[in-house]
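Take a look at this one chain, the form predicted on its own, written out in structure tokens.
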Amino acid sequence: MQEGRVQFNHMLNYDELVIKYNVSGPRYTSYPSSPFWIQSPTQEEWIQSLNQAFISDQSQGAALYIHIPFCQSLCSYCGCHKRITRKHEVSKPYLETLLLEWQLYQSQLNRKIVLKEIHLGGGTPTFLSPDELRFLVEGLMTNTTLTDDYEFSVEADPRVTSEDHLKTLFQLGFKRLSLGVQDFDPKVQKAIHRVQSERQIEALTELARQIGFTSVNYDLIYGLPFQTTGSMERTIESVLRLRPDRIAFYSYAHVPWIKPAQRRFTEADLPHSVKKRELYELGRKAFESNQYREIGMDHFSLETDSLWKATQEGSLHRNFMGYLHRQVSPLMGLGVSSIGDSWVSFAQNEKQLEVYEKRVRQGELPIARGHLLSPEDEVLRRHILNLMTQMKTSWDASFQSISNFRDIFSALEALQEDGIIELTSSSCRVTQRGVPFLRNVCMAFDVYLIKKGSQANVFSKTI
């Protein structure tokens, strides 16, 4: 092999590559991916790994993810863990349990916790009333301190988010807002059961900026039922007019065997493979023509946003919440289904609300599953994170001791033949041609995937 030389397989054009590499694969918000977690930490091991993260040289404060599972209606595209209800009386007992869980962490870690970030996700965090949000956040601040550069962020459903919600959140320290837009086309909205007007999004965006929010993100999805080139163009034109600071342009993950609500439409209603990728390319070109920069995979930001600055500085990070402008460790998860990450260990809470609440009220950390990373896991995790954030990674001679090394290198050579990466004996770099296939490049380093083979019934398609 001639090092650093891209060897294009001229038999395959771009559309043929899309078809070839449109296979089932992880999104790599973690490594190993959660279906391959095999050695869950005990409560004691999890606390020990958090304490180690707190005292590491890199730690300058922890991150806290809080999951609010409640939604008033079911969006059929959604793969998140949620509970559909219009009974708002469920909120207060849940918040009390969240704060009990936080008290368990505070007592078992035996330290005054310093927080750098809080993220409210769901579900629908603005299912909670403004008073309930205040009750939650003020409760979290008990016996807790904040770093000088702390950041609070929140996801919001425009259909249930009021001016009082935004004012209360801002008073509590939240300055980053993420709005679930998905698509503005009425036919698409009806199919995914997410009907909301462009005017609603515009009004909420303007209001957030007037109140003082410094960053507004829009979540968009391509590959939804009944999306066409024309409908996507109209949605993107509207988004560009409203000019959010960030855009997350996600690929729709069609997994009806896992999420039955997705059976509201059939695969015949979905744009597939080449057509689906055309929708992304349409968006990418439009965003880049309007001063947005592509960030890693599926994300865009203005140059004034911290995501772009982190890309330039090499500090971009990726975890269960997507791309972040910095790595904050440890990450602790509160609430049903939440996931924590100490870098050497993952821990996920119970997914059943009643089981979660029962265990917390019994004085237990409600860990249901997780994974203790082996030294090899840590090495491979770093390579995959490098690819996801920098589009390149490198290694030394010791990398040859990794299990399945020959399989890894063979897969990389095949990717090089298709012009997807530039490969040397000690590094690989994703080419511009290869960016759409970033997940496939990461899959080459995934020893668990290599050993397990096809995972068609676990993961969504990569394209």
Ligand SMILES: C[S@@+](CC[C@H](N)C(=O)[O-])C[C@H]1O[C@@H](n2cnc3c(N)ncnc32)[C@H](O)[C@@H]1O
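Here the structure is a predicted model, which is why all the values come from computation and not from measurement. Throughout, we count residues from 1 along the sequence that is shown.
We do not show the form predicted together with this ligand, though everything after this point is about it.
Of the stretches 107-115, 352-360, 299-307, 218-226, only 218-226 has residues with a heavy atom within 4.5 Å of this ligand in the predicted bound form.
Proximity to this ligand in the predicted bound form, defined as a heavy atom within 4.5 Å, holds among Ala368, Val379, Cys80, Ala261 only for Cys80. Of the residues Pro244, Gly333, Gly122, Pro330, just one reaches this ligand in the predicted bound form with a heavy atom at 4.5 Å or closer; this is Gly122. Contact check for Ala203: every heavy atom lies farther than 4.5 Å from this ligand in the predicted bound form. In the predicted bound form, this ligand lies farther than 4.5 Å from every heavy atom of Gly322. Contact annotation for Ala253: at least one heavy atom lies within 4.5 Å of this ligand in the predicted bound form. Not displayed here, this ligand is kept clear of Arg429 by more than 4.5 Å at the level of heavy atoms in the predicted bound form. Contact annotation for 171-186: residues with any non-hydrogen atom within 4.5 angstroms of this ligand in the predicted bound form are Gly180, Gln182, listed in sequence order.
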